[in-house]
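Take a look at this single chain, the form predicted alone, given in structure tokens.
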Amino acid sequence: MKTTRYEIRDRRYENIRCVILAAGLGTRMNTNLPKALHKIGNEMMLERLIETVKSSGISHIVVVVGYGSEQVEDILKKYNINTIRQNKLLGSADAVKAAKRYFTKFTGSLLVLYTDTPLIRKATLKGLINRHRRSGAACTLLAADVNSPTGYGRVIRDSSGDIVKIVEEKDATVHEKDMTQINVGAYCFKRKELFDVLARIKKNPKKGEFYLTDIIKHFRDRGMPISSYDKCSEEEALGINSREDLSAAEKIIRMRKIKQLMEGGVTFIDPETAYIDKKVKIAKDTVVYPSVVIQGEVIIGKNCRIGPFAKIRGKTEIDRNCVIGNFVEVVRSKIGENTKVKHHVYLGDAYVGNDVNIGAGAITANYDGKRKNRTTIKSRAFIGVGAILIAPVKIGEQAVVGAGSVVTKNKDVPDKATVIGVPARVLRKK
């Protein structure tokens, strides 16, 4: 495999390999798309989990695929990750067993994750791994104490606090259902002990599948030590099994990003209504008003005012002291400092200079039916209300485009000129 930036940064986890289980159908989602490929924010669940694992310092990852395997494998090509097909979907234990041949000569520990728990943080994975190393256990599982454990497997302990087993909710007694510590679905195993005991797991009679959770009782019965890392938050433990779960995860990811930006000095008037992508960068003292959507690799400078009801997307850069007002959409554009784009404007594939004023309802018509074209508006230009600029076109420095004018493609407006009409013609020069 190629050396990645994660390997270069952190080599403490070279003796850890990761197996991600991504073979599920997503039955409760009522979908034809493999569950692993459903998106939270602008990233697929599987992609999000891979990025977290790699950022934790683990570079060697294997993904077990099943339903929609070709679709999943196609996504994984860019990550240079090996995949193993689970030919029959016979449960999580069978999926891990399918990966055995990939680790024949490996003597370290295996981190096993489910793709439907993509909200686990890097710090939590590291805590799990470090706990596993210190404990010397055959297995260390990730547990969380939650207010509402319904739907999750419970971690069952004896009077001494030692883990006895994991019981799925449908198999739990009334007393066990009252327990609030759940199995998150992340484990560290010693490789040899894992595959030795996997062979002993029997098919669940109710589901006709082999449960990985059954391995805990087998370890216990053989006197093999079991440990846990319990510092996992309830939001990280969320398992994604339905469209409702996807929506809940979306909100969690969104609020994480907004909290990060607020800690960096950005003001959100109403955080609950803002949608901000993971890769967005916003400088301090910028104010984001309600119902703003910012997607993609967007960079916004200091002391800007964004919204309300603005949408910014693609690779867009907005310099300091700019105003992007209500019902404005900006995509793949660069906007210079002190520029004002206040009402009902569309800027697509545009380069806008400094100190430009763009009036309400102005549009850059960037698409000609075949390709996206560039509009350039130089510094201190004034674009009147309802003007249409048909790309490719350039508006000169200090030029004025009159209200309602249509500047047709390749009919560039000279510096300091004023144009009006449909099509726009030069009226005078300043």
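Numbering starts at 1 and follows the sequence shown. All values reported here derive from a predicted model rather than from experimental measurement.
The same protein also has a form predicted together with a small molecule, omitted here; what follows describes it.
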{"property": "In the predicted bound form, the residue from 152, 102, 275, 289 that sits within 4.5 Å of the small molecule by heavy atoms", "result": "152"}
{"property": "Residue (of 356, 166, 119, 138) lying close to the small molecule in the predicted bound form, criterion heavy atoms within 4.5 Å", "result": "166"}
{"property": "Heavy atom contact within 4.5 Å of the small molecule in the predicted bound form, the stretch among 207 to 215, 294 to 302, 126 to 134, 257 to 265", "result": "207 to 215"}
{"property": "Touches the small molecule in the predicted bound form: residue 407 (any heavy atom, 4.5 Å)", "result": "no"}
{"property": "Any non-hydrogen atom of residue 194 within 4.5 angstroms of the small molecule in the predicted bound form", "result": "no"}
{"property": "Contact test in the predicted bound form: residue 91 vs the small molecule, heavy atoms, 4.5 Å", "result": "yes"}
{"property": "Partner proximity in the predicted bound form: residue 316 to the small molecule, non-hydrogen atom cutoff 4.5 Å", "result": "no"}
